[in-house]
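The form predicted alone is given below as one chain in structure tokens.
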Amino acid sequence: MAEDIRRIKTHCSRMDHGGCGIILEAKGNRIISIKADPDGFLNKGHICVKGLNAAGLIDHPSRLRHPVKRAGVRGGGKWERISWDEAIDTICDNLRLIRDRYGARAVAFCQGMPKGMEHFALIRLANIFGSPNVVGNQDVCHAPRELSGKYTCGFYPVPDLRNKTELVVAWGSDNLRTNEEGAICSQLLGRLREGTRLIVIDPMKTTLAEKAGCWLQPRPGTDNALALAFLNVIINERLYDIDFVEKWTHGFYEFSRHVMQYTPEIMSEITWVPAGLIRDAARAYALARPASILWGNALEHNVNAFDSLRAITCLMAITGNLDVPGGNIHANEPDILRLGELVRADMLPSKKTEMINAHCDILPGMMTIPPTLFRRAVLDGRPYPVQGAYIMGANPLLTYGDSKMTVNALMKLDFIAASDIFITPTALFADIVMPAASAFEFNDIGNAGLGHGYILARPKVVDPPDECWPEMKIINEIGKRLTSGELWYDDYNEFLDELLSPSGFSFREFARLGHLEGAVTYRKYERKGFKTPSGKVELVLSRSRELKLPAMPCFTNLPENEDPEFPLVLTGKKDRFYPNSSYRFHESLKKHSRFPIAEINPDTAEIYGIKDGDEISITTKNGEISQSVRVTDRIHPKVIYASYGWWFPESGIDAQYDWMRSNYNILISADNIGKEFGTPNMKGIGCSIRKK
């Protein structure tokens, strides 16, 4: 009898944070088609190439299908197949040994891009085990925007593209290539079709910039200088929302005097943006009511991130665009369990004072450990030694700035356990590697804790291979053996039901609904004030002395000093066909992007004798890599755009997938980091090039 075709509505996952609604067709235990859901909560029929090819991970021949332990030197790629019992026992024995010798804080729990509820399961495991050190890339992704907003106005101001808006400023956000959390490009395109005007601020003339009425092309790493020039124009010309500023801002008089030094003419020399264009863009934003700033991940990639993001939040505030429909809003979370309860924060009440960050003057509220501080603890014992790591769905060799520092740290650790779908370059250095289930192979909930006011259902569609476990299940089973069993679940799916319990829905009921939203309200400050010490938007930080921070955003220096030996300015970009460093083995995606591409201006190409398709060396003070060249007039002659996240599975495990050849993070140094978030300079740094 022929098997029936099942049709399941779910949401994309493990391809980016976007959360597009999709419709899957499955026959037996095989997905036979993926289509966009025309009724998708966020995307309304949009889907990208990554989403269309998500099922290709399931049957990939290189997929890891059983637990393995290292059978030779670290990084040698020699493995011995073991059972799940042996894998879990080995992990628990080694983590207990480290805890007994050095204390629980000597074990770090490392995560990649948070993709679903496994992120909170990992934090729960760390808390119950007793380690305050959960390591993640949040220092360069999401946390700087979130915390800068919270310190300035008491919340994370997310762009509201679901309501009509007069103007959108896409600042360091290429929404057509890489969807930001909660901001799907179809939403932006819908607004533009309705007549919304667009300003794009980006060092590259992107496809989105071609749709803009105004494009500003700043020098990479100077967004704080540009934002301060905007503030100078708006305040000087009294284009701000006078009523809002008088009632709801703290320190406006002092702030207005402070920004007078940042004139468009002076900042033009720093940002490379003509002063007249700065004035036009600032006026357009100030006069549009409402206007929304779509601020992107790129703003977080240098030591000046706090100044940039504080200044941009101040722009939202003084123009009256905070928490209004079509502006940048404070989204209410749906009725779900408080995340602190879910992760059992009560089991580790001393976390804030014990975590590595507390000893390094990182901004309070940064609850994951920046990778640089984690690696310093491993290599130098600062502020105390870290001896072991549990790495979940992460590839630090490719994703942590300063890859040389990363490999040295991996080699020094006493014990490493990893879970992933494939053996990645980082997994090569682990002692135990566990095979994880992939998207559509388990029940999950998306977008919890991201600050956009909704969660998304991801019901299971097919079964994973026999020995591939969802990472929630892996953590649950380790938790039972490593800690008190009563703190865990008979079935990991109970973790999802616990999150949903205040809503009154089980996961099965939630899956039929598809999503849950928080109550939609605006101008909450009129009833409660802003959640800051002053009760207002803090243009001047009232706690600046206590926090040892400048009271106001400022521009002091470029991300790094200019050096004639490195006359060009390096910046990087994610590949639209891959999420970060993932899936470089996925042939359907490699058809679209097979090699890492460095982009240079035609004038630069002529000076260096380089032609389209040549291979070049890119060199910084920290290292050298090679990438192929695309010559384009979309970038400034002084700027080099290099590709991020590349390794080469086709080169084989014996060559460690050639992870050093084109790895952008080889070029990055972690010697100098931003005080607030521990962020190294990932963009706006000096480089040189030569034809190979």
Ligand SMILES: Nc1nc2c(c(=O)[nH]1)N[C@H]1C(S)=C(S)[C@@H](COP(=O)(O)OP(=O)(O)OC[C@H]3O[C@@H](n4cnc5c(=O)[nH]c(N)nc54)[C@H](O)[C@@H]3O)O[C@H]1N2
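Owing to the predicted nature of the structure, the values given are computational and were not obtained by experimental measurement. Sequential numbering from 1, following the sequence displayed.
If you look for the form predicted together with this ligand, you will not find it shown, but the lines that follow are about it.
Participant: Heavy atoms, 4.5 Å, this ligand in the model of the complex: which of 569-577, 336-344, 460-468, 127-135 makes the cut? Say which one.
Facilitator: Result for this chain: 569-577.
Participant: In the model of the complex, does every one of D174, T399 and S582 come within 4.5 Å of this ligand, counting any heavy atom?
Facilitator: Spot residues vs this ligand: full contact, yes.
Participant: Which of these residues, V537, A229, I201, M117, gets a heavy atom within 4.5 Å of this ligand in the model of the complex?
Facilitator: Contact check passes for I201.
Participant: Of the residues G388, G77, G296, G479, which one places a heavy atom within 4.5 Å of this ligand in the model of the complex?
Facilitator: Flagged contact: G296.
Participant: In the model of the complex, does T206 have a heavy atom within 4.5 Å of this ligand?
Facilitator: Yes, T206 sits close enough to this ligand in the model of the complex that at least one of its heavy atoms falls within 4.5 Å.
Participant: Within 4.5 Å, heavy atoms only: does V233 come near this ligand in the model of the complex?
Facilitator: Outside the cut-off, so no.
Participant: Can any non-hydrogen atom of M682 be found within 4.5 angstroms of this ligand in the model of the complex?
Facilitator: Yes, M682 is a contact residue.
Participant: Can you check whether I98 is within 4.5 Å of this ligand in the model of the complex, heavy atom basis?
Facilitator: Result no; I98 lies far from this ligand in the model of the complex.
Participant: Which residues within 414-438 place at least one heavy atom within 4.5 Å of this ligand in the model of the complex?
Facilitator: Counting only heavy atoms within 4.5 Å of this ligand in the model of the complex, the contacting residues of 414-438 are S419, D420, I421, T424, A436, A437, S438.
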